[in-house]
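Next up is one chain by itself, shown in structure tokens, the form predicted alone.
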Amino acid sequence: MQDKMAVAKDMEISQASIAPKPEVAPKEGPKPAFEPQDIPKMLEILDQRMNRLLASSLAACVHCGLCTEACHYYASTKNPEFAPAYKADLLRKVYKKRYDWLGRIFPRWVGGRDLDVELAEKMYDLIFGACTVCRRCSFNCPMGVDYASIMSTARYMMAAMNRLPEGLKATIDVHLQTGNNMGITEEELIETIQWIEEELQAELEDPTFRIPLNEKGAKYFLTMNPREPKYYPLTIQAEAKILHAAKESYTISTKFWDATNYCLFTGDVANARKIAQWQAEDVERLGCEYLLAAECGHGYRSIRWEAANWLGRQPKFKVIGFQELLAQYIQEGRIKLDPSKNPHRVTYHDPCNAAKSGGILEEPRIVLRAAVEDFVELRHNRQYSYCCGGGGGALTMTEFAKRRLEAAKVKAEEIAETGAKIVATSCHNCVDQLAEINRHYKLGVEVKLLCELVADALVME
């Protein structure tokens, strides 16, 4: 096992490793086209999803253009079709023709239009291929338009017709079939945890060190992104080392440990509920007080803010993000850090689902100011940070990869102007996208999660 762990270290080096490919490769050949018979079903779904939030967002836009520069797709390419108002207008035209009384009588006057195959194809291209549902546009909208609700509805109208990007569909299918989005078996997970235990036993010179599995009554139920046991075992090692230093009570379930829920990106409430239910029942089965969410932006948002809506009940546990717990440990003096162990300049990218949709803004900065010697902010930060381009399931959509990297130009420029050698973040999708940006734009930086920087700075007593 020691040899295997050494290989894993050599492969990983840092979180800037090559981004993993989906476990189920996208099918080759042309994408299935919409058919005329799909249109009534799509309109039926729109009717089912229509509520006051969606209706007000579709009706309220005054086309002022303040959202335009907020979108990293537009800011990087200047393509007018990438403006958030333009993308939302694809569904707004249908809304005006179908729901607005004036639009039903004089559709051309108000820009109303019937949904047809041509419009559906345009929606697919822009709503999947030119939007990460980051919500930065909503923060810049004076009318309070919730673009995420518009995009989520449009995406589900297409998903219900089985028209999804193949990589995104494969990721969700594997999760629903196996309990995690990379199909990792319980035996594989346990073996990986054993590797990490052996490494930490040697590092800490403590042969009794253990990573607790399936322990009932532990305070924290630690979730993981499947990238960690599959490709980045050193992330789990960093987390376990920190929790050990804090003398924390925690456990990892070998059943439903996957923090992700990619159904958030398709608007598929039924399957999002199923995944959330699996995880909630597993935490409740073990009787843990907290679910400790991995550094995964959409995973944190899904279980912290969306799960209660999907489940129709409040889970019997509290949710805390790993970055929030790190900040608590530092403020309470439960871990000791030596920032001189991280001497290089570090900047921080705010994951959209953790910051804009999750409210985690200051905790990462508390962590970095304690863990590194030289921390600088990106020009746009916190809730106003530009999306890196990896969210909304974009990393799985291979057909839009070229566009995804082109749209990351504005983020690459901001990273370059800081002079940072390390880009820290708190989301695995962001890690992989930032690593691709680094290679594509030749930034010469290293990408790390917060827990890695903290583990590097730990002073073990």
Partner chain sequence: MMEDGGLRFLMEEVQYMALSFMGLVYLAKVIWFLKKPTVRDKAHLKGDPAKGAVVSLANIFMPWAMESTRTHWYFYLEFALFHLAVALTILSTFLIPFGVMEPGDPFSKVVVVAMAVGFVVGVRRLLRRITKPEIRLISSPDDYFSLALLDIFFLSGIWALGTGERTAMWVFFILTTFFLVYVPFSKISHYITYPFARWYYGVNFGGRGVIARPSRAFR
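Here the structure is a predicted model, which means the values were calculated and not measured. Residue numbers count along the first chain shown, from 1.
Another form exists, predicted together with the partner chain; not displayed. Remarks below refer to it.
- A heavy atom within 4.5 Å of the partner chain in the predicted complex is found for one listed residue only; from P343, P80, P207, G333, this is P80.
- A heavy atom within 4.5 Å of the partner chain in the predicted complex is found for one listed residue only; from L405, L43, A416, A55, this is A55.
- Contact with the partner chain in the predicted complex holds for all three of V62, E306 and Y384, each having a heavy atom within 4.5 Å.
- Although the partner is absent here, A355 lies within 4.5 Å of the partner chain in the predicted complex, judged by heavy atoms.
- The partner chain in the predicted complex is not approached by H349, whose heavy atoms all lie more than 4.5 angstroms from it.
- Proximity of D89 to the partner chain in the predicted complex: non-hydrogen atoms within 4.5 Å are present.
- Within 4.5 Å of any heavy atom of the partner chain in the predicted complex lies no heavy atom of T153.
- Picking from 217 to 225, 251 to 259, 91 to 99, 270 to 278 the stretch near the partner chain in the predicted complex, with a 4.5 Å limit on heavy atoms, gives 91 to 99.
- Contacts with the partner chain in the predicted complex, taken as any heavy atom within 4.5 Å, map within 321 to 348 to E324, A327, Q328, Q331.
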